[in-house]
Structure formats: structure tokens, C-alpha cells
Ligand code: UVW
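There is one chain below, alone, in C-alpha cells, taken in the form predicted on its own.
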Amino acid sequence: MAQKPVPFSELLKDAPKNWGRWGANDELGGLNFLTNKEVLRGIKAVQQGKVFTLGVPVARPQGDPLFPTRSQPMRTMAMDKGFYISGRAQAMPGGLEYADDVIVMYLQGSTQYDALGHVWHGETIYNGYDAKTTIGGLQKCSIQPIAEHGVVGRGVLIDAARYKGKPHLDAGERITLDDLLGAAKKQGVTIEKHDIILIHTGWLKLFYDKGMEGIFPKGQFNEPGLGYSLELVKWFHEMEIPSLGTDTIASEQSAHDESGTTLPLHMALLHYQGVIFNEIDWLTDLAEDCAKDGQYTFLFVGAPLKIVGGAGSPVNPVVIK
């Protein structure tokens, strides 16, 4: 690890930006690439009618996968049979009784999308908006514009774990651009412009097999995933990739040893290019099915909640092969 982190302003000085590409009022970033034509291209990828949902269960008694600083969801019953048994509630006319519940959770404490205003460095968020617009709720680049648009297009799965011949990547293991393209070639699939990329690392299954200690041993945040390089971020820019989804908490190799920075792709891709990040996707079943039938492309549909001012939102993405 570098002794002193390189400022992002220096590390990313040559990294491409999409600020202003779609005008001064843009809050969609890469979703501008997902036109009606791209939706139809995604539909053409459907060949079998198989459906996979990528959201993880929420509020399990054993705990859910989430960033170490975030607390677990809390779900409680606001109404159930006990209210009627105790006399605190009466059945409605005709005898109807009901159950109701409440959940308190981090909006990014489950399978989720990041808003474009979720991360920044310096004084500006995506597209040059003042970072002060995040105070008290995101006035610009919240999750709402993304939710209004939806994330729909042709998706492609890159099975990095199988490509490297292991059930899951190791802590801190880097996926390079060569790995990304090599895995695609081995799978017999071509990543095309405007594809929604999903990367299977096996990391999330490790959580369900071994718990939080399996992915954050001794509380250390050291996830595997795509690693920052100028070559990689330029490739994303040239390919006009609208969205990146993974089966990890943060969608990238969390520590970049060469610069000493944390989550540099959040800066280079989300903050600079407007690539929409989709995290904590359950990709194990999809990856196994793709390995069996050889079909790695599909229609991808992501619809986060329309949370006003939200920095992110839970989602249950749907893949149709």
C-alpha cells in the first residue's frame, strides 16, 4: 500500500469524463445510452424465457450482506394476529383481519443502485453540480431520475470466478481489462457497446456460506473486483457502458495498492463517467445456468425505488434469458 494516498484529482487527471455530454442538467449519466433501440436489443437476447431475480433476501434473522459501517435492517410487526387475540384490534366488518409491518434499513443495505450523487471528491458531484446539493438529501443526481428512467437493455455476464478456475475470487484479487475480455472470449460472447455488464466473483456466496467473517475477516474491507487502470476506464468510456453490476458490496477491488486509494472506480466510472453502479447482486444461480447452456447474454431490467433525494435504493433486478 502506498504510504500516502494519491489525490483523486491527480490520479484521474487523464481519465475521461462525461460531464456536460448530455447537457448541464443531466442527472442520468450512462443511462442516456439506454434508448428505445437498446431496450429492443435487450429483448432480442431473450431465447429461452428463463427468469432470474438478482436481489438478496432482506432482514434475515442471521443478518444480511452489507458494508461494515451500515447496520442491519430492522423489521417489526405493526399488526398481526396477536393484536386481535389481546383485544387491541377488532376485525373489520365481515371479519377481515390483517398483518402489517415496518422496516428500517439503509437504502444501500441490500441489493441496490448507487445514485450518481452518492460519491465525489472535492466540491462537485457528477456533472459538476455543487456537492452542497447533497446536504439534507440529494437535490441533484439522486436515485429518483434513475428510477424514473429504469435500467433496461442487453446484459452480459462475465464469470470472473470460473475464468480464474475457482469458486470465488480471493480477498483483494484484481480483475484486469485483459481478464474481462479474456473471460468474455472464453465464454464465446462479445461485449458490445451499451451492454450492461454483470461480473460474477463468487464473493456474495462466500457470505452466505461463512457469514460476515467470510467476506470481512477481522472487519477488514478488502473485496475483489475490477481494479483501477487508465486503460480500463478508457475502455468503459469508448464502449459507452451504461451500468456495472457485481456480486460484491462495492463493485470493485476496494483497495488500489499503487495509489493507496480506496474505491477509485467509484470516482473514475460513477463520478466521472456516470456509469450506474448496481451492487450486491445474487449471481450464483445465473452463472451456473450460463455455464450449462452457454448463453451469457440476456434482457436486464433494473427498477430502483423512486426515493426523493435518495443516495441509493434497494432493487430486485430481473434477468430474462
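Note that this is a predicted model, so its numbers are computed, not measured. Numbers for residues come from their place in the sequence shown, where the first is 1.
A second form of this protein, the form predicted in complex with this ligand, is not displayed here; the remarks below concern that form.
Every residue in F67, H118 and I249 with a non-hydrogen atom within 4.5 Å of this ligand in the predicted complex?
-> Yes: each residue has a heavy atom within 4.5 Å of the partner.
Are any of the heavy atoms in A59 no more than 4.5 Å from a heavy atom of this ligand in the predicted complex?
-> Judged by the heavy-atom cut-off of 4.5 Å, A59 is well away from this ligand in the predicted complex.
Could you tell me if D159 has a non-hydrogen atom within 4.5 Å of this ligand in the predicted complex?
-> No, D159 stays farther than 4.5 Å from this ligand in the predicted complex.
Please run the contact check for L263 against this ligand in the predicted complex: heavy atoms, 4.5 angstroms, yes or no?
-> Answer yes; at least one heavy atom of L263 falls within 4.5 Å of this ligand in the predicted complex.
So in the predicted complex, does D195 come within 4.5 Å of this ligand, heavy atom to heavy atom?
-> Contact with this ligand, no.
Just one of 73 to 81, 169 to 177, 195 to 203, 104 to 112 has heavy atoms within 4.5 Å of this ligand in the predicted complex; which?
-> Going by heavy atoms within 4.5 Å, the stretch is 104 to 112.
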